[in-house]
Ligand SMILES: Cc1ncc(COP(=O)(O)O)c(C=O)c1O
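Just the one chain here, laid out as structure tokens, in the form predicted alone.
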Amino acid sequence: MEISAQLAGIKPSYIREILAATQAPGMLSLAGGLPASELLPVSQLMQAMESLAQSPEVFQYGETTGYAPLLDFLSAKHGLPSDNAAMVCTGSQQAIDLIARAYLNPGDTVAMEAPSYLGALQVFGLAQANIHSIEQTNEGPDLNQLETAFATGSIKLFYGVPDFHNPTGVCWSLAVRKAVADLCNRYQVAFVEDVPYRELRFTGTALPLVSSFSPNNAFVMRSFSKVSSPGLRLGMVSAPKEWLAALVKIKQASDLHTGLPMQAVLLSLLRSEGFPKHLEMVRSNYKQRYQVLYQALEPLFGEYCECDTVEGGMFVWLKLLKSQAMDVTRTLLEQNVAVVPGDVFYSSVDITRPALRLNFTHSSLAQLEVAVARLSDVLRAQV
């Protein structure tokens, strides 16, 4: 049977495809955006699951928007404006898909940073949208390029990851956040704010959401995969009530609603007395892993690669000075090290320089050191 034309033009996710290779014995993976398995709050999740019998209502069909007690808790926790509403999704990835399906027609244009999150590139590609790439600086998107793009009148949405950007780890400055909100308001471009890593800050001071400066002109997508468990597949999208109504209609047709038992489990976890301490432990642990990775890379800086520091999240962006990303990636796989080439994070011909995305949250300290040692050998050998 012939597949649809829009699907035929979509490449499979390199990251999802490489995950199979990372399961091979002896493979060291710096590829996926995986949290540390040993730090998952398994005991707290088990207790929450055991208590489900006390809430038989979660085993019935539910509201499309989600489990009401969870929505009430999250709305209060995040201080949602009174004219905004929220919906629980099957991961924040589903929220991107719902926004695209509800608001994009083939040929509409979406502005995105270059590089950008691969999952969003896939969703907007499937929606047959045009991608207008905005170069990224170390403080966020290039504001001159962004305003020039907005001034054309052709941009419908601007998708961004302001906190510990995937793949670069960049955290937008306060000035850039305010400027982006102002530009979106002025040119009537909806901002799609994706913040899955926001709670993984391990140094520095938290900055306001971009949408806090423009609450009536933004979607905000939160993920619980990085702070609870990826397997729960839970996220949340919030937006002005009239905007969210369109997403609810699409979700009704897609899967009726996200599974209620896991929503109840998440609520129990987030409410538990031990969760703040758990989250602080995760941040401290990730900070240590990041420092080990960065220090192991430092001898390579200047001659073979460059890497900016990060204040949180899960990734560093290693810019290669003498090697091609795909060549390094293939050679490293032969050395039982998995990384992601920077090429896959660009829409098409926007690649400006070779780079690798390295994850530091899933591997142990010793594994990080071994992986970088093998990376060092590959970079030196390819000169």
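Owing to the predicted nature of the structure, the values given are computational and were not obtained by experimental measurement. Residue indices: 1-based, along the sequence shown.
Keep in mind the form predicted in complex with the ligand is missing from the figure; the text below concerns it.
- Query: Exactly one stretch in 248 to 256, 130 to 138, 202 to 210, 156 to 164 has heavy atoms within 4.5 Å of the ligand in the model of the complex; which is it?
  - Reply: Correct option: 156 to 164.
- Message: Given that the ligand is not shown alongside this chain, does Lys226 nevertheless sit within 4.5 Å of it in the model of the complex, heavy atom to heavy atom?
- Response: Result yes; Lys226 sits at the interface with the ligand in the model of the complex.
- Query: Taking 4.5 angstroms as the cut-off for heavy atoms, does Gln93 touch the ligand in the model of the complex?
  - Reply: Although the ligand is absent here, Gln93 would touch it in the model of the complex, with heavy atoms inside 4.5 Å.
- Message: Just checking whether Lys178 would be counted as a contact of the ligand in the model of the complex - the rule being heavy atoms within 4.5 angstroms.
- Response: Output for Lys178 is no: heavy atoms all beyond 4.5 Å of the ligand.
- Task: May I ask you to state whether Tyr197 is within 4.5 Å of the ligand in the model of the complex, using heavy atom distances?
- Result: The answer is yes: Tyr197 has a heavy atom within 4.5 Å of the ligand.
- Task: Scan Arg101, Arg233, Lys287, His278 and let me know which has any heavy atom within 4.5 Å of the ligand in the model of the complex.
- Result: Going through each option in turn, the one that passes is Arg233.
- Query: Between the options Phe124, Tyr117, Trp172, Phe219, which residue brings a heavy atom to within 4.5 Å of the ligand in the model of the complex?
  - Reply: None of the other options qualify; the answer is Tyr117.
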